[in-house]
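Heads up, the chain below is alone and in the form predicted alone; it's given as structure tokens.
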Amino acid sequence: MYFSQLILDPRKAVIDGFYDAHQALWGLFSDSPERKRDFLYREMDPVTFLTVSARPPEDATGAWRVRSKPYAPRLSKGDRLYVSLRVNAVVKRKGADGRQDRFDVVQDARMRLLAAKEPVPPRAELAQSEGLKWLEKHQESWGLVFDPKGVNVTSYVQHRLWRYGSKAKVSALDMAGFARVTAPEAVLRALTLGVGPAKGFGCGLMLARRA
């Protein structure tokens, strides 16, 4: 695996929005029409991206400054990490048409409170509480135990886009906090294969450093 920092030269190319960024990153890893995604990315600012990938990115445009290095974290049980992640945090629930669908945890909580005619907290407050619940539900599968008092949800964003001729929404929560390693192999899978149901559009990449 490879960890890369990619910096776009705005004099040579411009990324205009969420979907544009997704397409631009695909261009660095797509070497054939049949290629399936084997990378994760996180947008750090409008011109800087981090990726974890099975192959190093290749820039044929000259618009990117690429710094790549092998990525093979060595972890032990009990290690303390500072972890940040951008995830599409959803719950599965039957929709109005009876079919099971995915609902982002913040919007799902808002709808439940509205239906019960209960006070609805601000979205930032719901993002913190619902994001932490989602994290605690999934942390075991990632080989981690988070300190619930040390987790902050710093951002909740809903992206809207046209896909396959219809409107779609992708919600992303940014979360960060301290965690202990309970299963090193599971952590390694989460770091290299991603977390959450959506691994595209900048979601799913977990970053960690020793703390």
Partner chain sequence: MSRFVQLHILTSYAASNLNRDDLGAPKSMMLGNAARLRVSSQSLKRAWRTSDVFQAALGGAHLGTRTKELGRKVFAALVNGVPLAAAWKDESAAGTLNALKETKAVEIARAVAGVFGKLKSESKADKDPDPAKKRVALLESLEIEQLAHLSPEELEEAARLTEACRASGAVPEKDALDLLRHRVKAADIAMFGRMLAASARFNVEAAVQVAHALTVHKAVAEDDFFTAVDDLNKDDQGAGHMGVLEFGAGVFYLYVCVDRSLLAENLCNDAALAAKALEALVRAACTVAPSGKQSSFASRAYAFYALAEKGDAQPRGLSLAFLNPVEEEDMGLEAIKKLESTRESMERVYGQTAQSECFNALEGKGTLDALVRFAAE
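Keep in mind that what you see is a predicted model, and the values were worked out from it rather than measured. Residue numbers count along the first chain shown, from 1.
Missing here is the form predicted in complex with the partner chain; even so, the following discussion is about that form.
- Not displayed here, the partner chain is kept clear of Arg112 by more than 4.5 Å at the level of heavy atoms in the predicted complex.
- Remark: Ala116 does not count among the residues lining the partner chain in the predicted complex, judged by a heavy atom distance of 4.5 Å or less.
- Shown alone here, Lys92 lies farther than 4.5 Å from the partner chain in the predicted complex, counting heavy atoms only.
- In the predicted complex, the partner chain sits within 4.5 Å of a heavy atom belonging to Met44.
- The contact with the partner chain in the predicted complex, taken as any heavy atom within 4.5 Å, belongs to Ala176 out of Val170, Ala176, Ala63, Ala183.
- If you check the partner chain in the predicted complex, you find no heavy atom from any of Ala21, Gln139 and Thr192 within 4.5 Å.
- Along 180 to 210, these residues reach a heavy atom to within 4.5 Å of the partner chain in the predicted complex: Leu207, Ala208, Arg209, Arg210.
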